[in-house]
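As a starting point, one isolated chain is supplied in structure tokens, in the form predicted alone.
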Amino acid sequence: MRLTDPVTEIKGVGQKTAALLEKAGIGTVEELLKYYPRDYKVYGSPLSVDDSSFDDKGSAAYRVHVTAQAKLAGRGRLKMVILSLPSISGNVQAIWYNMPYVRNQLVPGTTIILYGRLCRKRGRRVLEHPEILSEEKYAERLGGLWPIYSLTAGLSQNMLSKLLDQVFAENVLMQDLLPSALRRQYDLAEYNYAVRQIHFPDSHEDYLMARKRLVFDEFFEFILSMRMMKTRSGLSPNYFPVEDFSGGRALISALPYQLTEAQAKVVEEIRQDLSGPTMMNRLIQGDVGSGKTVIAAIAMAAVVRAGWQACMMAPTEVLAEQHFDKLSALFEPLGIHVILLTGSSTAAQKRKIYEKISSHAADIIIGTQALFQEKVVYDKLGLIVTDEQHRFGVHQRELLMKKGVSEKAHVLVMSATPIPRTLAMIVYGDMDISVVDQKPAGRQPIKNSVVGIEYRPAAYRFIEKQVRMGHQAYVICPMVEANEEIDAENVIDYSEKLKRALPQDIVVTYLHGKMKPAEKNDIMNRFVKGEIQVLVSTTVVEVGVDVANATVMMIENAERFGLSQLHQLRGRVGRSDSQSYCIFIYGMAGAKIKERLEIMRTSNDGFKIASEDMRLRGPGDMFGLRQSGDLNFSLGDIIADSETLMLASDAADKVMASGDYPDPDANQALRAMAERFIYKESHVMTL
């Protein structure tokens, strides 16, 4: 068996299973090996259901003596198997939904182990969908970490584990590109050992060693490619000088408000860049709602007045349309013509748009990745603005730059992801960094609360009150649909629950990333127009449109999100002068969880939150909880893995500084790896 072999070479994988794996992005043996777990089950010593500290345990094992036959309850499509658990306090049950066959495993007079999360529901303590194991079987798992993979319909955890077992049994080896001298210097495990241990760790220590190595590889490959791109491009002469900043000043004068000191400082930095001897390559980092877009608009106005074109690329069509509407209102009075180009534009519309772009009848082009299309020919593209650049793939910006004269254009990147400056200088090592650390005047601080699930009825009443006042609300769930492996709220079931809890005249709709783009756009447009009062969604709205009328953000299972992501979600509200609120509901209690979420209650400062993230969490605490995973790393997280990020940066700098580091052959292999990464990233686009 070879790495490049299709998965059908694995015993038991036919065309049907291969099709299921393909949906998960697994087509070859190597892709299966690199399909890392997203979490792990930790099998500790079994507890008693009378353990008073169960709220702090999360998922855990419980030793249960089955004293009576389990009941089959429910009717219609919903059938429940209910097992009463012996307890001093009483009222403890294990429940399985639509799994009648589990009754056969619940034999009176036997002792079994139930693995799941014990929670309170309607005054009872309940184990929902626990795993059932014999005492002997559980003894085999005791103390181990068992992988949990992201699944698509038809795949199971057991299937993936068995396939990986077969591949490891065949001893299929991958090339370790890091030479032994480098591994010793940075205390890194051998690559094949790391891959095996990330799937099936022998211990928690082995897991940490494996994860450190694989995270290092992700960061090292990324940073080395960025260093090589920067060296290759160098400091380009300013092909589009803006000596006269009058266009920018004209837009500032037309604004109905004054810029904050932070905005004015960044505008001055941009003015100096545009008039300087080399091309601008600047990142604007600022919290959600800090006014980054208007800064970009000022830069575009200055570039257009100087005779050049500008474009702005947004991650979604809905956001591109919103940028188009807002910027058109700003630019048209100044005689600046703006057009919109997205993938859903019709062929006839695109032909007209292409003609306006190439003839310079359009000064500013707003769009999505459609701006990359070969048919788009710019006349004099002098400035490229990207919104949430990390969501496009690192090197797509480079492709868009080739649309300009001499393959260069000024670049301005906006990001609302709060990253401490020391880390931002590594991740965005090819860019100058500006920080907007003030909010516009008139914005009220968001009021935050951190509560348990018992607060839900009160939260529903509060949402109803806000809707009656003419406002709207978001409700975020971590899952799209129910999954018996994961005890967390899901969008589809939750929206139905919310419809029953709220009056019928309040429109509740759900949104998630698996929907077709046209359907997602339609729902977001209806929400923007106020036709939908409550939107139940996954994190797909994390980088979304500006709905100033939305004043409530309620996040279910808040403990399942990283703090930086919670802050991004919270940024969907508080975008007007109306008081806004964020309700963090935790489904799993515990001192550490409460300490983390308390940071969200006491602070609205994204940069402070990111720094607290670094203090509170480390690689050993990850287990699937991503913090700032916006740069599409499979495992790595630039906040929680900041120490590894710095090591990878140091190694990349040494490789770039010396052609003989660690040795000439190894150096050449590492550079070839980075070249492949650049090529791969440059071609991962949806046009």
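Treat the numbers as computed from the prediction; the structure is a model and nothing was measured. For clarity, a rigid core is taken as the largest C-alpha set superposing within 1.5 Å between two forms. Numbering starts at 1 and runs along the sequence shown.
Keep in mind that the form predicted in complex with adenosine-5'-diphosphate is not shown, yet the notes after this line are about it.
At the 4.5 Å threshold, heavy atoms of Val427 stay clear of adenosine-5'-diphosphate in the model of the complex, well away from it. adenosine-5'-diphosphate is not drawn, but in the model of the complex it has a heavy atom within 4.5 Å of Thr260.
With a 4.5 Å cutoff on heavy atoms, Pro147 does not count as touching adenosine-5'-diphosphate in the model of the complex; it lies far away. At the 4.5 Å threshold, heavy atoms of Val475 stay clear of adenosine-5'-diphosphate in the model of the complex, well away from it.
Only one of Asp605, Asp546, Glu221, Glu489 comes within 4.5 Å of adenosine-5'-diphosphate in the model of the complex through a heavy atom, and that residue is Asp546. Think of it this way: in the model of the complex, adenosine-5'-diphosphate has a heavy atom of just one of Arg560, Lys292, Arg570, Arg596 within 4.5 Å, and the residue is Lys292. Here the chain stands by itself, but in the model of the complex one stretch of 461 to 469, 532 to 540, 438 to 446, 221 to 229, 438 to 446, has heavy atoms within 4.5 Å of adenosine-5'-diphosphate.
Contacts between stretch 203 to 221 and adenosine-5'-diphosphate, counted in the model of the complex as any heavy atom lying within 4.5 Å, involve no residue at all. Superposition on the rigid core between the shown form and the other one places the CA atom of Ala169 less than 2 Å from its counterpart. Put the two forms on the same core and the Cα of His129 is off by less than 2 Å between the shown form and the other one. In a rigid-core overlay of the protein, Arg443 has its C-alpha displaced by at least 2 Å between the shown form and the other one.
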